[in-house]
Every structure is written in structure tokens, then in C-alpha cells.
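The chain below stands alone and is given as C-alpha cells, in the form predicted alone.
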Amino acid sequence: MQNYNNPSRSQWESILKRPTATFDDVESVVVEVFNAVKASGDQALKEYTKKFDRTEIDDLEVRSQELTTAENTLSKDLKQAIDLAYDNIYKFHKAQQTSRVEVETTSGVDCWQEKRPIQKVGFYIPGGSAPLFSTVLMLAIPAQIAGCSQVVLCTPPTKEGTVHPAVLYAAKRCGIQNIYKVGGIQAIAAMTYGTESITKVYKIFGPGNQFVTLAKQYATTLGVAIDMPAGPSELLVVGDSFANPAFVASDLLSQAEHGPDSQVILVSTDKKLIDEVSVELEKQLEELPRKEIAKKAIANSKMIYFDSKQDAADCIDAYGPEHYIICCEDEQFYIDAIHNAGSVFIGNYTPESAGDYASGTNHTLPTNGYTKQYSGVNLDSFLKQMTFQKISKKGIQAIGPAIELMAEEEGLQAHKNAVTLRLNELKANKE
């Protein structure tokens, strides 16, 4: 990891730069795949699956027998762990439900707001060497609570042409029936355009590598919404003498092992902690099965010392981390100071892994500094807020003259007439 000692504010932007590709870097590949899927549908999906995933798929859809086999394959302990996570995630997201908001703004003018589910949603679940079955729970449970009527799940197949059984068990646990062995850019294109097998959706959710992230952004230009820009994982830990160096190192590595383009950062007001974490990183890294991946991510990562708590907090807020762990004696200072973070973990016994799996909060979060504009996935991500109004005769008489004046001033005569006709009719009937 690269070390920085009390960097000036003018240096922060360059120090905090993410190791991510720009859209220009992969635009040609994204456009090529989207165009092929639009033109050839399922056939293009099969060809790109063979090219990118090195497997041939005859039937893109996961059938009921595969779901049953997956359930029977998993250990009882893992199924119980998934069930526990399901319950906690369900509780937290169910608590986010709100009731109808209704106000009489003027006598005779009733306005209210109700929420309606997005009818068709698509989930992208990363596969490969780290099949994220936990992400199935994070997306499907709030969709289930919201009442989304159609859910499509796409996930890349293994080289054997199968899907990890835990992904299938989690999907079945959440009641998902439309599951497809399609990954990468082609999966996002399929959910954007629709194919013979896969239904076009209104909104796409889920994390992925840089290709998937950029494919999702491209989908927004074609009339499909996305949850957020959620690309390579990142984590920032702030610690002082209160922090446990072994815990901090384990948290940093927990994100570094996601992929070579992940980034982790330690910010500290204690130089001793930085030294101790460095030693722990080297020791723990050698024990990881995915150490080669983690090493590449560590090369993109930073350790930053500040002698000022305020500078440390300001630098963290400027970065806007996806995951943010606070292990400091004055934890409330850092809690109050943060405005830009996806999810915050507080104290020595709150690892980021808890949020990834079973505490109940959602792990689908904005990355690459988008925490300044976006929230993580939550129940409202699957809902639209619709407004309603009903105006009585008394109500239109109360606000009608104001509407007439405003419409006329804007030069919109038909708008004015729509009110004037009603007011004249009421006046005539009264006479």
C-alpha cells in the first residue's frame, strides 16, 4: 500500500483517485455486444457466453429441477445461515415501509402521495470465482416486500454450464422463478432489450465489474433505469490507538479480495497503527486463497496519516467511500462529520462483512465517489412515488384565480382556459 504523511488538501484529489476505467476504454465492446443482442437475441447471448465465459449453453433458463438439486446439494448449516440472513434483511427492509401521505392544502383541495412497485425489475448477480449469492437476498427481498410483479435474474454460468447452488437456493428462497445463465455485458443488454427468453425490464439492479457497470450506464441511454453506478468494491477505515490492528487488516483484505480493481484505504491519526496494520496485512495476506487478487488491489490502495482529526474527516468525506469503518475512541466525531458514504460500520466488532451478509442492511452500494449523489439499494429503490389530487367545487374556486394569473403570465392560454371554463360554469349555475 502507498503511504502518505499529512498530505495537503491540494494533493487529496490525486491521492484519492480510483483505479477505474472510463467509458471510453470499453465503449466499443459494450456497444458491439448491445447491438448483437438487439439483432440476434438468444443466439448472441449464447455466442458471447461461449466467448467470455468459455462455456456452451443450450438452454439459458434455469429449470425447476436445477433448483431442487441445488437445494439438496447445500449443507444444512449453509442453508440455515442464508435463512438467518434472509430474516434479518427482511426485517430491516420491511421497517422502511411508509404509509400514504395526505394533506388538504386548501379547503376543498386534497393531495396525497402513494407508492407503487416497479413492475419489471432485473437483477445482475456476479458469478465466476466469487458467486455473490448474498446479493440475491439484498435485491430480491426488498423487491418482494415492494410487490414487484416480475423479477428476472441473470448470472454468469461456470465453465461446466451450471450456476452455483447457493445462488439458486437464495433465489428460490426469495421466490424468483425467472433465472438465466447469462453474465457480463450481454446480460445487461438482454434485460435492456429483451430476447426470446429474457423479458425486457424497467430497472436493472446489481453490482459487477467495470464492464457490467459501464453496460448499465449505457442501458440508461436506452430507456432503462439502474439502481446506481455500482462498480469495483472499495473500503475506507479510519482508526486511532483504539483500533485493533489485526481487525483493521482483516477488513481491508476483505474488500481487496473482491477483485484486482478494488481499492482499500486506511486513514489514521496514529502512526503506530499504520505500522502495525502494515505488518498484519503481510501476515494475513499470505493465508488467503485469493491472495494474488488481493495483492493487485493492495497495490492500488493507500495508508494516509493525519495529525488533525478534522483533516482526516474532511479527506474521508471528499473520497466518499462505499464502505466506511470507524474504529476510533471519538467515534461520534467521525459519525457526525460524514456526509458521503454508502454504509457505515462503527466499532471494533462491526466488520464490513456483517453488512455484506447478515446484519440486515443492504450491501448494494454506490462506488467511485457516487455516494455524494446516490443512496444504496433500499425498499424505495423498488417503488415509485405517485401523487394524486382531488379538487371540489369549493377548492377550484379557492385556487382557480391564482392559477389563471400564473398561466397567463407564462403565456399558456390553454392552461388558463382549463380553469376559467370551470369557474364560469360554477358562476353561471350559482346565478
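The model shown is predicted, which means the values in this text are computed figures rather than measured ones. C-alpha atoms forming the largest set that superposes within 1.5 Å between two forms make up the rigid core. One-based numbering along the sequence shown.
The protein also exists as the form predicted together with another copy of the chain; that form is not presented, and the subsequent description refers to it.
Using a 4.5 Å cutoff between non-hydrogen atoms, I15 does not count as a contact of another copy of the chain in the predicted bound form. For Y374, a non-hydrogen atom is located within 4.5 Å of another copy of the chain in the predicted bound form, even though that partner is not displayed.
Proximity of A313 to another copy of the chain in the predicted bound form falls outside the 4.5 Å heavy atom cutoff. Although the partner is absent from this view, K272 stays clear of another copy of the chain in the predicted bound form, with no non-hydrogen atom inside 4.5 angstroms. By the 4.5 Å heavy atom rule, the three marked residues F123, V212 and F306 all fail to count as contacting another copy of the chain in the predicted bound form. Shown alone, this chain has one stretch from 173-181, 295-303, 187-195, 333-341 that lies within 4.5 Å of another copy of the chain in the predicted bound form by heavy atoms: 333-341. Of the residues given (V224, L281, A243, V152), V224 alone sits with a heavy atom within 4.5 Å of another copy of the chain in the predicted bound form. Contacts of stretch 395-419 with another copy of the chain in the predicted bound form, defined by any heavy atom lying within 4.5 Å, are made by I396, A398, I399, A402, I403, L405, M406, A407, E409, E410, G411, L412, Q413, A414, H415, N417, A418, V419, listed in sequence order. P207: CA moves 2 Å or more between the shown form and the other one after rigid-core fitting. After superposition on the rigid core, the Cα atom of Q217 is displaced by 2 Å or more between the shown form and the other one.
After superposition on the rigid core, displacement of the C-alpha of K38 between the shown form and the other one amounts to 2 Å or more.
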